[in-house]
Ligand SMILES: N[C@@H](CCC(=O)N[C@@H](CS)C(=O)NCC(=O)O)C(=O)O
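This document starts with one chain, in the form predicted alone, laid out as structure tokens.
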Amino acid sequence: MYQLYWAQETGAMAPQILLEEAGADYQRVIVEAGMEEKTGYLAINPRGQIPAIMLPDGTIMTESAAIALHIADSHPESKLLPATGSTERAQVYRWLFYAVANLYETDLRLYDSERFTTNPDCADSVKRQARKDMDRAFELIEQQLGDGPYLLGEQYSVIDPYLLMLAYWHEQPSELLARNPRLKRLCETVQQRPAVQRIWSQHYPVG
């Protein structure tokens, strides 16, 4: 059984979707914000970032994109990645790493801006630049998307739930998707998948 160290509004969402897609046996270990040290979570991930995952053999993994790739590789029957060595797999790698380096990074600057400057008076400037960089990064994703519905066209893969997760971290996701209709189509299609439907309310409770 996998143990997914989990909290709302974190990178745990995409790995959880992929565990559901794979039909894997897992349990959530909920980590409360601000309680990482008191609950011993820092022994799991010294950086305190969520998610982490304990694999069935007890090995700990961190980094949501790496976790996503490992889940896909460990459950090839789920076809969450194209064939090894294929051009399609190369494209998944490309855009997954792009998402981590650009979109995920801008989210950190936006929501934790104080960490990115030694001058507290500059935090607002950090936020403003993060918003611009985020929107520009999503525009490049929009240009990459073709007839869809997924990034690889008809083939669903690990990059699609990852993009859904990042889109909903935007301060105004509805406005983001209105400006980027292909991204909107991707997000709406992924949201309708049974694996996503099963866990959506855990991340975005109604009411």
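In case it trips you up, residue 1 is the first one in the sequence shown, and so on. Just so we're clear, the structure is a prediction, and the values are computed from it rather than from any experiment.
There is another form of this protein, the form predicted together with this ligand, and it is not shown here; the text below is about that form.
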If the cut-off is 4.5 angstroms on heavy atoms, which of these, Leu108, Ala90, Ala83, Cys122, is the one near this ligand in the model of the complex?
Leu108
Here the chain is shown alone; which of Ile44, Leu176, Leu163, Ile50 has a heavy atom within 4.5 Å of this ligand in the model of the complex?
Ile50
Quick one: does Arg115 come within 4.5 Å of this ligand in the model of the complex, counting heavy atoms only?
yes
Is Glu142 one of the residues lying within 4.5 Å of this ligand in the model of the complex, judged by heavy atom distances?
no
Examine Tyr156 and determine whether its closest non-hydrogen atom to this ligand in the model of the complex is within 4.5 angstroms.
no
Taking heavy atoms only, is Thr189 within 4.5 angstroms of this ligand in the model of the complex?
no
So if I measure heavy atom distances to this ligand in the model of the complex, which of the stretches 177-185, 22-30, 145-153, 50-58 falls within 4.5 Å?
50-58
Does this ligand, in the model of the complex, lie within 4.5 angstroms of each residue among Gln16, Tyr168 and Trp200, using heavy atoms as the measure?
no
For the heavy atom contacts within 4.5 Å of this ligand in the model of the complex, list the residues of 2-24 involved, in sequence order.
Thr10, Gly11
